[in-house]
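In the form predicted alone, a lone chain appears below as C-alpha cells.
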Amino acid sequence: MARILSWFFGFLVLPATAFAEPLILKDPKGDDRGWGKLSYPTGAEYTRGAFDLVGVSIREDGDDVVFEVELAADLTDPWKSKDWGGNGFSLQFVQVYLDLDGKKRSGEKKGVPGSWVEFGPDQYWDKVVLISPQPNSKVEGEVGAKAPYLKNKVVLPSRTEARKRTIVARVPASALGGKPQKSWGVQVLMLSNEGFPAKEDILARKVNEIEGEHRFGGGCDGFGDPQVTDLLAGPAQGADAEGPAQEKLLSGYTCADEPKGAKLVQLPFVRL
C-alpha cells in the first residue's frame, strides 16, 4: 500500500514540474515584411531572411531562463560586433515582451521607444528582455537617457551568443520575478539594430517610405509606423494563416509629422 501511495502522490505532483520542458513558439517562414509592404534595405549586409522570425524557445536552466530565437537565415556579423563588445551578430535587435501577471492595465502600454508599437488595453507588459548585439553598457545608457521610467522593467541578458541561425540569450530568472509560468503572455518583436539611432529611439533602425542602403522601406518618413519586420501572431504555431494575421496587426497605424499625432498599432500577447 505504501508503494502504491508513493506512486500516486508522485504522479500528482508531475504537473507542477512539467513546465521544465521548453516552451516552443513558431512563426511561418517568409513573413518578414511587417504589414505586408515592408522592404529590406538595399545594402548587401541585409540578406533576405535575416529578420524572419521562425521560432522561439523559452526554457529553464538552473537559475536562468534561456531564450532561443531562430531566424530563417544564418546570422552574420558584417559590422564585427565582437570588436565593440557584441556576440557574433550585428543586424538584429530582438525584444521579448512578457505579461507576467495577466492583469488588465497592469504594466506598460507602449513598447520600448523605437519600436513604435503599443499593447492592447487588457494586456500591458511587465518585463521586456532586450537582446541586442550592443554591449549591455550601451543598452543601459540608451534606456537611462531616453526611457528612465523603464529602468526596472528592462532586462538584459547575462550572456548572448550567435549559433548559426539562432540567437541564444541567458537571463537570471530572478530578474523576471521567477521561472517561466504557463500563465505568462509572450510577444517577440524582430527589429534591426541601429548603432546611431534617432534621438527618440532606443537602438532601432528606422523604416522609411522608400528603402535605402541602411533603411527599410514601405512605411512613412514621419512617425507612427512600427519598426518591426516580424512578430508572433495567432497561437504562434507556425501556420500559414499567421502571416496574414501579422500583416493585419501591424497595418493599423496612422503616420503623422509629430509623434503625438501618430496612431500606433496595438499588439496582443501569445497566451501559453
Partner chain sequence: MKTLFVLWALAQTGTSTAPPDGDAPPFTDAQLDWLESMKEQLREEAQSSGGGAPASAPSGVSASALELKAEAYTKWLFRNNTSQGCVTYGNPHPSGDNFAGDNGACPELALTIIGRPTAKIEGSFRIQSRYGQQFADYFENGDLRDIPDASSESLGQNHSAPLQLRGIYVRVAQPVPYVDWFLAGSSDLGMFDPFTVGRVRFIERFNAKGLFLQTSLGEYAKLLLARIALSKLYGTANYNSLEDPLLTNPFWARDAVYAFSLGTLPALADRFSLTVNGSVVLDEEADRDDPDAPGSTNTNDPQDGITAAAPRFLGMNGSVTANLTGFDAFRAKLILALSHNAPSEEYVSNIALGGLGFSNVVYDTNTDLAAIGRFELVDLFGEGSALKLEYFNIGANFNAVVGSRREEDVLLTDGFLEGGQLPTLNLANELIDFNDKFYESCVGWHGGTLVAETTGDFLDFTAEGTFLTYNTNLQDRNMDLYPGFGGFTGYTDTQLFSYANTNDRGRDPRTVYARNQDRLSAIGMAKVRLKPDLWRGAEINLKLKYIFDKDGRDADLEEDDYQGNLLMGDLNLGGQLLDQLSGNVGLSLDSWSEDGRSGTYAGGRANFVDYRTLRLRPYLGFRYSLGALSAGYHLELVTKNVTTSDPVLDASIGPVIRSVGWIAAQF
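Residue numbers count along the first chain shown, from 1. If you're wondering where the values come from, they're calculated on a predicted model, not measured in any experiment.
What comes next is about the form predicted together with the partner chain, which is not displayed.
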Heavy atom of each of E21, W35 and K127 within 4.5 Å of the partner chain in the model of the complex:
no
If you check in the model of the complex, is G252 within 4.5 Å of the partner chain, heavy atoms only? no
- Message: Residue-level contact is defined here as any heavy atom of the residue lying within 4.5 Å of the partner chain in the model of the complex; does S106 satisfy this criterion?
- Response: yes
| Is D240 close enough to the partner chain in the model of the complex to count, meaning some heavy atom within 4.5 Å? | no
Task: 4.5 angstroms heavy atom contact with the partner chain in the model of the complex for L100 - done: no
Near the partner chain in the model of the complex, with a heavy atom at 4.5 Å or closer, the residues from 32-50 are T42, A44, E45, R48
